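In the block that follows, a single chain appears as structure tokens, in the form predicted alone.
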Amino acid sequence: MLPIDDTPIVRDGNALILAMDHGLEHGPVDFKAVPEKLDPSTVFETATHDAVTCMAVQKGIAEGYYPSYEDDVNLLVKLNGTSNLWMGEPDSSVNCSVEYAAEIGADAVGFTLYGGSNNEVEMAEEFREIHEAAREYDLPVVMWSYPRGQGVKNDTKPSTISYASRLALELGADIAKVKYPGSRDAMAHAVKSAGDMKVVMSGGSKKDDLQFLSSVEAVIDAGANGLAVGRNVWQRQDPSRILDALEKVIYEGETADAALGE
């Protein structure tokens, strides 16, 4: 893994990745409650918040919108992704090369790997190619490590999440994005399984403020390094309020209650 603490995508050893690859992965349904967010520029505006270390988007969004925000937002280009229309065994098409991501200004690249899928071997080989190419550009690599498919019965089982973080370490990722395994102790084991590699929690579907921040507090207390979050930020009518609170929890070690002023 690279020493990435001095790279743009890390602040004080931690990271808050604002993800907006949902238009591809989930479709417009994720924007139903906040139709104004169909315009990617509104989420780029949110990403200018000091708490956000980078914004993760697919190639087309990066091409079309990042030039207007390159002075205020660090860019993570997601190199693979698949629509929710796909009904086969979990897989993810490679939609962008490392070389092109670097050309359009990426500060890091991201890649999803579905461990346990019938397509795991092919995806791991694809990851090898992008990982080695990213090293040539000194770009950190974030793995969306999501065990899923016929080989996985419960994708948030503690042992499965620990395997997810270990898989990312073994294959060379600099940061693993994993789901929350349900408790602080289970997350601590996933972090330990990752060695010196950074681990961040997937934000998941929208929850109320305290419930969401309490899980982030548990993750930080477990030794993880932050969050990769989308809906729990930009689906809110006032994203800056939750980002203010996340800044306190992730970088300042405050409790969820204190961060919310409760």
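Just so it is clear, the structure is predicted and the values come from calculations on it, not from any experiment. Counting begins at 1, following the sequence as shown.
Only in words, not in the display: the form predicted together with another copy of the chain, which the text now covers.
- The candidate spot formed by 4, 179 and 256 lies out of contact with another copy of the chain in the predicted bound form, as no residue has a heavy atom within 4.5 Å of it.
- With another copy of the chain left out of view, the stretch that reaches within 4.5 Å of it through heavy atoms in the predicted bound form is, among 64 to 72, 44 to 52, 217 to 225, 203 to 211, 64 to 72.
- Although the partner is absent from this view, residue 112 stays clear of another copy of the chain in the predicted bound form, with no non-hydrogen atom inside 4.5 angstroms.
- Although the partner is absent here, residue 23 lies within 4.5 Å of another copy of the chain in the predicted bound form, judged by heavy atoms.
- Taking non-hydrogen atoms only, residue 232 never approaches another copy of the chain to within 4.5 angstroms in the predicted bound form.
- Put simply, residue 138 is far from another copy of the chain in the predicted bound form: not one heavy atom of it is within 4.5 Å.
- Heavy atoms closer than or equal to 4.5 Å to another copy of the chain in the predicted bound form belong, across 221 to 236, to no residue whatsoever.
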